[in-house]
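Next comes just one chain, in structure tokens: the form predicted on its own.
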């Protein structure tokens, strides 16, 4: 187990190094373009050259990369060109806001989707299986912007129960989280439910489950102790991978509801050309991606100790 963890940690470090080098080469190779972004499009070549010299951009490429990577490891990503504040000052609060959104979503989605998926997979081909499957396909097929528009029309303009934006201008409010969480829940709930249903149905048709049932073991005990653990392997992977999607894939929801999260920060930086914010967001997104893969691998081993990775 320890060897597996060390190997996966080594892979994480290697991936982060490669990605950071590629990212640095893309954004920092053209030094004059960087100076132009910082000083503005109307700055002269002489002004840009002076700025490059003052900020160490005339050093060799790998020397600059080592300095840049070291600063990034300490959380120093430079200053935002758009907001005129250190990148870390805006990055971490936005990341925390998306983390709150993800926590609320996971707290509802995981137990609900697993329960519905297991319920459908236990009786493959039954009415409850078909009803859950149809509902899951229907919710997954509706894009986020469409469900956001529909829910806003119903709960904001129709019933007047919920606020139409989630900008938190008057302080944190759970009420403003309802619509963003509901939109994400409708979109993502069906995918995990269908994965759980397919995995549970496959396990229920296996020989050892049939043998346990024929031996007269209580049906509930067969489900909880024998079937459920093996059926959770595939859904566990999907759930962990949702961390990547929630980090940068919720841009539509965050923009629609004016929610100040990580996805909206990344979009604003891309539209403005704020290269230092883009670099920071990319590094954070890649770190979350490799970290979630690490968690997935360890979870595999816990759910099924026979699984080993080379």
Partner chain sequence: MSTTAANTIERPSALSRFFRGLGLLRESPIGMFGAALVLFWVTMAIIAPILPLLDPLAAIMPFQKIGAVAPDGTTFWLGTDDKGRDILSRVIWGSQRVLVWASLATVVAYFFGMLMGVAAGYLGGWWDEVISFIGNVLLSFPVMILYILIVSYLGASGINIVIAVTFASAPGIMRIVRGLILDLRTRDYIAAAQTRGEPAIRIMLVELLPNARGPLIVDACLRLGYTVVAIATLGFLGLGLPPPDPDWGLMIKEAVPLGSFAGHMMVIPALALSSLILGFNLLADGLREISLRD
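Numbering follows the first chain given and starts at 1. The structure presented is a predicted model; accordingly, all values stated were derived computationally and were not measured.
Separately, the form predicted together with the partner chain exists; it is not shown, and the next lines address it.
J.: Can you check whether residue 35 is within 4.5 Å of the partner chain in the predicted complex, heavy atom basis?
T.: So residue 35 does not count as contacting the partner chain.
J.: Looking at the partner-bound form in the predicted complex, is residue 15 within 4.5 Å of the partner chain by any heavy atom?
T.: The answer is yes: residue 15 has a heavy atom within 4.5 Å of the partner chain.
J.: Can residue 19 be called a contact residue for the partner chain in the predicted complex at 4.5 Å between heavy atoms?
T.: Although the partner chain is absent here, residue 19 would touch it in the predicted complex, with heavy atoms inside 4.5 Å.
J.: Would you please decide whether residue 57 lies within 4.5 angstroms of the partner chain in the predicted complex, comparing each non-hydrogen atom pair?
T.: Taking the distances in the predicted complex, the answer for residue 57 is no, it never comes within 4.5 Å of the partner chain.
J.: Which listed residue (85, 103, 138, 159) meets the criterion of a heavy atom within 4.5 Å of the partner chain in the predicted complex?
T.: None of the others qualify; the residue that does is 138.
J.: Ok, 69, 52, 258, 267: which has a heavy atom sitting within 4.5 Å of the partner chain in the predicted complex?
T.: Exactly one listed residue reaches within 4.5 Å, namely 267.
J.: Heavy atoms, 4.5 Å, the partner chain in the predicted complex: which of 144 to 152, 76 to 84, 95 to 103, 108 to 116 makes the cut? Say which one.
T.: Contact-bearing stretch, as computed: 144 to 152.
J.: Suppose contact means any heavy atom within 4.5 Å; which members of 230 to 247 contact the partner chain in the predicted complex?
T.: Sequence-ordered list: 244, 247.
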